[in-house]
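First comes one chain, alone, set out as structure tokens in the form predicted alone.
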Amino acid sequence: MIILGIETTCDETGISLIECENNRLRILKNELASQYKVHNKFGGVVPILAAREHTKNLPILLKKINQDFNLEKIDYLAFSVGPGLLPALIAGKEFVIKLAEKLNKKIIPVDHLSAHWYSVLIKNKSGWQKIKQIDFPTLILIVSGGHTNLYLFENWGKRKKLGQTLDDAAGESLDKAARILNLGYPGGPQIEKMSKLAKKYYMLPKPILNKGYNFSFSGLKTAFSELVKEIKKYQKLNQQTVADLSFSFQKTVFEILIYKIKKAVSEFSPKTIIVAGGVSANQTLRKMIKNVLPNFKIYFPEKTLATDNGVNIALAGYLLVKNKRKVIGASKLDVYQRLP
């Protein structure tokens, strides 16, 4: 089975081609166009500009794939239908509909979050590889710029959402903290980089820490903003102070995430843990989780598969078809900004 995966939920345009058989997979092509330079001057993603870039980049990436592969040979198109930025999703939808009609192929609608939790099952490498098997029940944390969700999976077909963010996502809060410190976009990697230079820790609040499994980061961001304003009254923000503030904010966010993971481990006794999404690429977060739960089998995606890309979408498409999920015609394709 050959699947073309297409990703346009936010600010990464991805098209990938994979071949799958008997629970094995190989990545034939993986093309990605970043929009970093477009959004950097705004300090965050501008949805309408993201849509414009997807419209521009999708034909370019498809042409690169078509140079080495006859698209008539693909079996399905897999497309991330949401959740995501609505203008970006619509730009992708229009492209996928035209392509599906041109090739006379069916479409596999892929939920963006499922692509994240499946991302731990493979490596970003050429050649055939086995798709990993996970021991269930497994606890899954999706932590990214748009989502902070905690799930308990009894198997791939049966899951329960334990909690989610009530306001900002963890990655979004890191981006906002970086904006407060004038570190640029994307903020998470800049915060991580500056944190390594820290010598001091500023105590910050941890909202709704003991109230179930939901998350809240907007109050933390507000407290951080007030702290920075207070410091500025007495001194300029030099590199060391920025490093200390970055470290303090990042540490607080990650401690909140880990507290909820530990609480769920204690209550539900999962056999494994999966941490996926863009923020899972942060090496400090990975070390902190491993240090707190040294005896657990914890799965993280490879760094290149942690962020949005077409490979994850194509993989999710294959697993959905393998498990008898319906495929659709181009006329039935629809997208959603938030989970239905």
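Everything quoted here is computed from the prediction, not taken from an experiment. All residue numbers are counted from 1 along the displayed sequence.
Although not depicted, the form predicted together with a small molecule is the subject of the following passage.
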- Heavy atom within 4.5 Å of the small molecule in the model of the complex: which of Ser248, Thr165, Ser144, Ser114 fits that? Just give me the one. Ser144
- Which residue among Ile274, Ile289, Leu61, Ala306 has a heavy atom within 4.5 angstroms of the small molecule in the model of the complex? Ala306
- Item | Stretch from 47-55, 289-297, 275-283, 65-73 whose residues place a heavy atom within 4.5 Å of the small molecule in the model of the complex | 275-283
- Please run the contact check for Pro189 against the small molecule in the model of the complex: heavy atoms, 4.5 angstroms, yes or no? yes
- Although the small molecule is absent from this view, report whether Asp244 comes within 4.5 Å of it in the model of the complex, heavy atoms only. no
- Message: Within 4.5 Å, heavy atoms only: does Leu89 come near the small molecule in the model of the complex?
- Response: no
- Query: With the partner left out of view, is Gly171 within 4.5 angstroms of the small molecule in the model of the complex by any non-hydrogen atom?
  - Reply: yes
